[in-house]
Each structure stands twice: as C-alpha cells, then as structure tokens.
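Only one chain is included here, represented as structure tokens and corresponding to the form predicted alone.
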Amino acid sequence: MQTTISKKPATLTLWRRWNWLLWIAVVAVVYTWAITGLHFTGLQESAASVSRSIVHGLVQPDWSYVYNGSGEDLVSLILQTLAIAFLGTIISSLISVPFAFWAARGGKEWLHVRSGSGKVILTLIRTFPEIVLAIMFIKAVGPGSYAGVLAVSIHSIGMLGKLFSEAIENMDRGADEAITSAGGNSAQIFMLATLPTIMPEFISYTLYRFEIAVRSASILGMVGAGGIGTPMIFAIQTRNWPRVGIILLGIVLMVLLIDSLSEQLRKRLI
C-alpha cells in the first residue's frame, strides 16, 4: 500500500516536469501541418529590380513632399491623422463610461447578470476590426475623415469600456465606505469618492488608447477613411518608392513622438 501511494506522487511530479515536451511536440505538428499547406511558386523575375527600387526609394525619400502648402502634403495629412485619432479617442472615452459601469461586476448576485450582459456587448463591439468598420462607414457616409473618426471611435468603445470596467472593479472602496458611513447619498459617493478614485486610471487608459488609435488612423486611409494612409497606398500602387519612404518616415516620427508624450503624461498620473 505504501509503495502505491509513493508511486503516484512520483508519477505526477514526473509529468509536471516533462509535460512541456508534449506541448512542444503539439506545436511542432501544427506548424508542420500549416507550412506544408503553403504552395510556394518561387520569386518573380522582377523581384530583384523591384527590391532595389524599394530600398533606393526608402533610403532617398522625397523631401519635397514634406510640405508644399497644398493641403495634401505630409505635414497636413499627418495632422489630419492625429485629428482622426484624437477625436475618435475623445468620443469613445466619453461613450465608454456608461458601458464601463454597466459591465463592471458588483457584489450582489443580480449584478453579475447585468455586468455579464455589458461584457457581452463590449465584446461584440470589439469583434469588428477598425478597418472593417471603416469600410462599412465609407459605404454609409462616403470616403474621408468622417468615416475614419467613426471607425476609430466605435472600435475604441469596446476596448476602453473593457479597461474602464476593470478599473471600476479593482478600485479602492475605502472612500466610498467612508462617505457612506458619514450619511452620504449615492450622488455624493459617486462625485466625491468613486469619480476621483477612478479618474486617473481612466485618463491613463485613454492616453494608451490614443497611442493605438494613431497607428490605426494611419492605416485606415488605405481604404479611403482619410489620413496619411491614402497617399501611401497611391504611392505604393504607382511604385513611387521615394514618396513611400518619406511617408513611412513621417509615420515613424509621429508614433515615436506620441508614444513618448503619452508615456510621460501617464507617469505623472499614476
């Protein structure tokens, strides 16, 4: 009887120590199956010349496109991209607040049903990628920045609503309990305790979402939703690689600047 008991823990310990080999084998089988399903037909005859043209254009960008006063230059379209991201983020951050309180889990059992339905709604909103929403809104309101703002704002509601609801669930309830014990009503608890407690996290999450929205707004123009993506897809189609190079350089600098500023602001808030 003692031998049987001692063998079971030993077997369990051995499995826990070496079960990672099984997962490696499973992943290897999946990758092998996926790779064997690819049909590589070889490089095109023009691959070498096209690659040289791309590299030459990227290292020697079209500096004349930076600003020419036409409203379709790099500076103007980067500002338009930032405006799309900023406006979409502001709209979504305001609309996300009621969704966050709807989806936040409370202490009572009936609140779990309410929060569950809110989480389902936010998940459904997040299901649609921004580029799909942009295509849908282009059909509804036409091409341009308006469709881009709608796409960024609607998609961001799902993301910010989820982050906001988690902040509400994890907030410190000490201030709420203090005002409740002093005889405060629900409005006073919300305005004097709940809101000041969660506002720094709300602002931090909004800044983080703005960083992502800037990258998304740069891509939405490729389907006609305004911003710097529109001239970039035109330049790629016409193989104007110096134009592509200066646009990519502008996007990189824009993203680095926004990320740096956002990080500094979030450090001050937290």
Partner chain sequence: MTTQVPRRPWLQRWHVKPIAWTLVILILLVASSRMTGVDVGMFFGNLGQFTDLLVRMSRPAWDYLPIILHPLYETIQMAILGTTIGAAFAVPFAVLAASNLVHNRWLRGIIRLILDLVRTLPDLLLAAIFVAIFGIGSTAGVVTLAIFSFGMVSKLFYEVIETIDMGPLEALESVGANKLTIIWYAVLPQIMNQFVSYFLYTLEINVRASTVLGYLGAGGIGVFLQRSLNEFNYSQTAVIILATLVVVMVIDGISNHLRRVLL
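Residue numbers count along the first chain shown, from 1. Remember, predicted model here, so these are calculated numbers, not experimental data.
The form predicted in complex with the partner chain is left out here; the points below concern that form.
The closest heavy atom approach of S51 to the partner chain in the predicted complex falls within 4.5 Å. The shortest heavy atom separation between T123 and the partner chain in the predicted complex is within 4.5 Å. Taking the partner from the other structure, the partner chain in the predicted complex has a heavy atom within 4.5 Å of a heavy atom of I84.
In the predicted complex, the partner chain lies farther than 4.5 Å from every heavy atom of I258. From the list 177 to 185, 138 to 146, 97 to 105, 194 to 202, the contact stretch for the partner chain in the predicted complex under a 4.5 Å heavy atom rule is 138 to 146. Proximity to the partner chain in the predicted complex, taken as a non-hydrogen atom within 4.5 angstroms, holds for one residue of L163, I90, M171, I189, which is I90.
Along 207 to 225, residues R215, S218, I219, M222, V223 each place a heavy atom within 4.5 Å of the partner chain in the predicted complex.
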